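Okay, here we've got a single chain as structure tokens, the form predicted on its own, with questions on binding and movement later.
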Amino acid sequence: MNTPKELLFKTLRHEVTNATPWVPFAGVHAGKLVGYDATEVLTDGDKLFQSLMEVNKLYKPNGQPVLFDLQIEAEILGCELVWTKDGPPSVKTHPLENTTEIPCKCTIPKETDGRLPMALDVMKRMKEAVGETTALYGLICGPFTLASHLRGNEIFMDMFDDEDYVKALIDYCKEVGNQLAEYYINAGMDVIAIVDPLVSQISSDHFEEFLSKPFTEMFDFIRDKGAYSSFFVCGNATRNIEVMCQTNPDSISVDENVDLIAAKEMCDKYNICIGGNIPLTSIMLHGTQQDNMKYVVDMLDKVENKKNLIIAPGCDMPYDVPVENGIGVAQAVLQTEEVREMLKNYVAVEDDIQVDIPDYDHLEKPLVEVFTLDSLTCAACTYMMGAANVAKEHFGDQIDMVEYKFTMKENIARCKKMGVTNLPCIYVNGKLKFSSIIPSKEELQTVIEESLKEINQ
């Protein structure tokens, strides 16, 4: 009899299977299942292990990540972190913000650095506890996001002004990633996921110029070490799905910003698996158990060719996802026909939340609205918000600025009312200016200056 792990392995080998595997991305959410907050579960090995075992028991996964924290490498390399109780930490400072020096390879993390000893110990314990039946994912920070952590928002201007520097910095970050991948594979990880949310915030041309070569080399490295690979991206990465496929990972994982059906057609062209893309907030966090089950059943019904398909959340599950929603997703994947029968008369009820939209035609000063998943927990959102904060520092009281986090129900209603379809994005005076492209300081300032002129006419 095939184990749950073997079903996932067959899918990653692109074989035809009689069922679809599921991988719950329960990062800090794992801690909620046993009463630990996000900081506890990311810093205490015993609490992390206990939390992961609860995920394995309740959600019956074919595969599961051990540690969903893209800041481990950045922390070791000198970034200060901001910790919260209900989300992974975010990067506060950037050690290369004021220099274009490339770090010495002697700084590449050792197994004894930072939180790596804890992470590697828990990986080995999970391998021993559930490794026979569950595929284990080791997650590393992608080279572009890690370069952004080290350099800060300046990297988006560097891509135009100093291409050689950006390539050298990303190459260093690739070496960091390969080293961690080797540590994780040696600790028993079956799948190495390179998680690079900022890939969704650049053009395909920039991807090919700066990222095609390092990602291809990283996936080759992982394959040579005998592990499977995955390319995780958050945000609207639609324009980059094909160039991502061309780096030859075993699988790609996308969030709800991407049309899974269209993306799967592209992945099938390259015979690469695709995973996703259950909406993190509108369904998993705020939906009912029936909403979650229905989303999965509907998704399975829409995908005609289920070869190369993995069911998963769009990205790292929010901390407060109700446990019954995770269980509902698992049940819908494992017992699809029974759940379909259960839901045949179910009609989802939409919240009737009223929101006030600003009178954009009569603003006294420019209004910059930043729509994010949550700038404290989503890396792409962090850098989009960072660009807006730089503009606010420059213009001061000449402009108003507000962030709307999609984790709040009223902001979901606001997005629907305004027609916001992709996160993160920036609106100025009610008009979409930057969608899934993080602007440089100069680009955003130019847009705001034009807005100032219009208001002062």
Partner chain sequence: MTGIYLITGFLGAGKTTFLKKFVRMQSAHKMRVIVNEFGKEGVDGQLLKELPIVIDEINNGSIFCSCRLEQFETVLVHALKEKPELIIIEASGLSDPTNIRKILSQKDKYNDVKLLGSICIVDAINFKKVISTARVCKKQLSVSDLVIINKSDIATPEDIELTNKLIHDLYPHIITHLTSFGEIKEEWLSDIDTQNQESHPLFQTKDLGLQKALIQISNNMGIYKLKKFLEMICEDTYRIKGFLKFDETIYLVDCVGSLINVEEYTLPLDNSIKLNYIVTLAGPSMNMRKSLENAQKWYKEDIIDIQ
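Positions refer to the first chain, counted from 1. Please read these numbers as outputs of a predicted model, since none were measured by experiment.
What comes next is about the form predicted together with its partner chain, which does not appear here.
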Fill in the blank from the handout: Note: exactly one of Asp121, Asp220, Glu265, Glu338 sits with a heavy atom within 4.5 Å of its partner chain in the model of the complex, namely Glu265
Problem - Sole residue of Thr107, Asn186, Ser203, Ser212 within 4.5 Å of its partner chain in the model of the complex, by heavy atom - result: Ser203
Problem - Heavy atom contact within 4.5 Å of its partner chain in the model of the complex, the stretch among 249-257, 129-137, 340-348, 376-384 - result: 249-257
Exercise for the section: State yes or no: in the model of the complex, is some non-hydrogen atom of Phe156 no more than 4.5 angstroms from a non-hydrogen atom of its partner chain? Expected result: yes
Problem - Heavy atom of His286 within 4.5 Å of its partner chain in the model of the complex - result: yes
Handout entry: its partner chain contact at Asp86 in the model of the complex, heavy atom, 4.5 Å
Key = yes
Handout entry: its partner chain contact in the model of the complex: Thr238, any heavy atom under 4.5 Å
Key = yes
Exercise for the section: Kindly confirm or deny that Val82, Glu97 and Leu280 each have some heavy atom within 4.5 angstroms of its partner chain in the model of the complex. Expected result: yes
